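Next up: a single chain in structure tokens, the form predicted on its own.
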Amino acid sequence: MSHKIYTFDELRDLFIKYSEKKIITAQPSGLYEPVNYIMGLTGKKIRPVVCLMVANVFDENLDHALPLAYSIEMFHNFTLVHDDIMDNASVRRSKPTVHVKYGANSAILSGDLMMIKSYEHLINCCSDNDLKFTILQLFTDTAVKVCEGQQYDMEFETAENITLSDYMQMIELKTAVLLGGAFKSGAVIGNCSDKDADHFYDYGLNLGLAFQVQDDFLDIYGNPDVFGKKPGGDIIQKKKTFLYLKAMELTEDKEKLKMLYNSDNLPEQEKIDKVLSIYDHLNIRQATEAKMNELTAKAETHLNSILVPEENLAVIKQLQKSLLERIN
């Protein structure tokens, strides 16, 4: 008889209940309050739920997976605290960022603590030392790559001649590897084969890449009534997105596009319209959709290669659908 497969909402509720028991009451409060604050902010909790979801593919009992999922979420939030300081961001999940609420020094120190605490939760996820070592290696490798991605992202803001290949590497490191790591860690704690664990990683990696390219796409072509923001924000902020870099790759007049994209002299809507006119001429919308489809197909190839009953993967396929059908 097959074991129970939980829905995304059931796993999210399970994770939130577990998290509520992890509120830190230690002193000094100036160190721990920012941690409780950022960990308590409302969010989708996709990464920890993904870890639980994959562990659930192999086992109904998620006691070992919960501390692992919490470690992933704490690490993710640590990166957000420090990223917000670097980006000088004032809002996170519709609330003041940690450095705005508590000050930059407290945010840096509390972020450091979250990194340390994330390892503490990892150490407590299971008693099998070989399994624990495998998870620690995966977590450490993922953490290093995320830091590399953040450095590339900062450098891209002022760097010239960034290529589309450079951009895909950056979003892989900054965003996709953590999702891939969440998928693989759930597989590892579920005691699946090394081959299937690697398939889960590559599935999550390509899904994360597709999601990020889709984010770039939606900034231009998303329905403002659905997403609640005016299209073209990335153009106004001069972000080197997939669409811009693809256009730079295809256009015969690179200097014209570069000067237009980096111009501060045009009214915002006029600038957006002019860039969109170039995108339309170069079929950038179609090229971006093709890239999203290519990455999704790669992801699905890995998921379909995993040797488990198909019904055990149904919730994962539903998550993919909800993540990648935001266009509609």
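Residues carry their position along the shown sequence, with the first being 1. All figures in this text were calculated on a predicted structure; none of them were measured in a lab.
Below, we refer to the form predicted in complex with a further copy of the same chain, which is not included among the displayed structures.
Only one segment in the set 233-241, 137-145, 247-255, 211-219 has residues whose heavy atoms sit within 4.5 Å of a further copy of the same chain in the predicted complex; it is 137-145. Proximity of E120 to a further copy of the same chain in the predicted complex falls within the 4.5 Å heavy atom cutoff.
Interface residue remark: D166 is not counted as part of the site for a further copy of the same chain in the predicted complex, having no heavy atom within 4.5 Å. In the predicted complex, at least one heavy atom of H82 sits within 4.5 Å of a further copy of the same chain. When contacts are judged by a 4.5 Å heavy atom cut-off, M86 counts as touching a further copy of the same chain in the predicted complex. Put simply, of N223, S90, N191, Q151 only one has a heavy atom within 4.5 Å of a further copy of the same chain in the predicted complex, and it is Q151.
Interface residue among S94, N161, T158, N129, judged by heavy atoms within 4.5 Å of a further copy of the same chain in the predicted complex: N129. Taking a further copy of the same chain as positioned in the predicted complex, the residues of 20-37 that bring a heavy atom within 4.5 Å of it are, in sequence order, Q27, P28, G30, L31, Y32.
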